[in-house]
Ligand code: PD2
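Shown below, as structure tokens, is a lone chain in the form predicted on its own; questions about how it binds or moves come after it.
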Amino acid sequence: MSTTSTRQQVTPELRKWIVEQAQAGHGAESVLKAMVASGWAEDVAVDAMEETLRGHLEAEAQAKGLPPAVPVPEPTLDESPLYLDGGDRKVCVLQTVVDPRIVVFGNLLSDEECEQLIQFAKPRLARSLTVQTKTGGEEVNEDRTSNGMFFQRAENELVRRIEQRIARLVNWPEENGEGLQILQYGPGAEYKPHYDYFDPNEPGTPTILRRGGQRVGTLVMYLGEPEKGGGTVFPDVHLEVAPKRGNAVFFSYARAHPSTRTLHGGAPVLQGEKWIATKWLRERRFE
């Protein structure tokens, strides 16, 4: 850090001014330019803006009764990379959305890995269940008409390799991930729009959270392509991600509330068969 940056202190008056500029509709670039013109070092100005506005937004959210925001998994996208290093594989960044945070990855899995996951899963498929937040257990839900199974975390070499790749891509510990779930959707099968976090107002949620805290991120990987339909839809932002084999869609949610705009679902398969692998990420180590 420069000598100037070390000497400069961010005062309450500056924070108040930054919030006032944001409320008046001034963009970040113009506010930064004004601060630098007033003698603030650019790195100090950027840090002050980010910290102040983040704190202001969080205070406003909690004043409205929203639960506190928590840290979430986050791919390193600061410099708009075309590719990310998955450790053992170069993964494409095909599309990003800031709010909600959504990232579409290309080439996350090889064709061989997709086929191996399907073949390992087939003998263990059963009607998919959903978490029952009223009790902390599981139940058949008419909104989810797929067949599925779970791998234990690091159950075999293939699963371990993929979990390591995911952890590296989204900067989140492997042990914070639930077991990899494989799902099969035949013609007409779907998963109606829903949220992946656990509703804090339901009586069974405290029991669920003991195993690793809230879910804070989801990665849906496409293993087998239907001929028609079957996309992952985000109704709040009018986005649909095509289920292309080897690709994936990631999204995170910093608070257990609809304000995250992470409502999503699996559109009905119109023709053919869709296979996906889902990885849910928790706040803490998942037991």
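No experiment lies behind these values; they were computed from the predicted model shown. One rule holds for the numbers: they count along the sequence shown, beginning at 1.
One more form of this protein exists, namely the form predicted in complex with the named molecule; it is left out here, but the text below deals with it.
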{"property": "198, 255 and 257 each touching the named molecule in the model of the complex (heavy atom, 4.5 Å)", "result": "no"}
{"property": "Listed residue (90, 194, 124, 127) with a non-hydrogen atom within 4.5 angstroms of the named molecule in the model of the complex", "result": "194"}
{"property": "Heavy atom of residue 220 within 4.5 Å of the named molecule in the model of the complex", "result": "yes"}
{"property": "Residue contact check: residue 280 to the named molecule in the model of the complex, 4.5 Å heavy atom", "result": "yes"}
{"property": "Interface membership of residue 185, the named molecule in the model of the complex, 4.5 Å heavy atom rule", "result": "yes"}
{"property": "4.5 Å heavy atom contact, residue 18 and the named molecule in the model of the complex", "result": "no"}
{"property": "Per-stretch contact check against the named molecule in the model of the complex, the hit in 65 to 73, 258 to 266, 47 to 55, 31 to 39 (non-hydrogen atom, 4.5 angstroms)", "result": "258 to 266"}
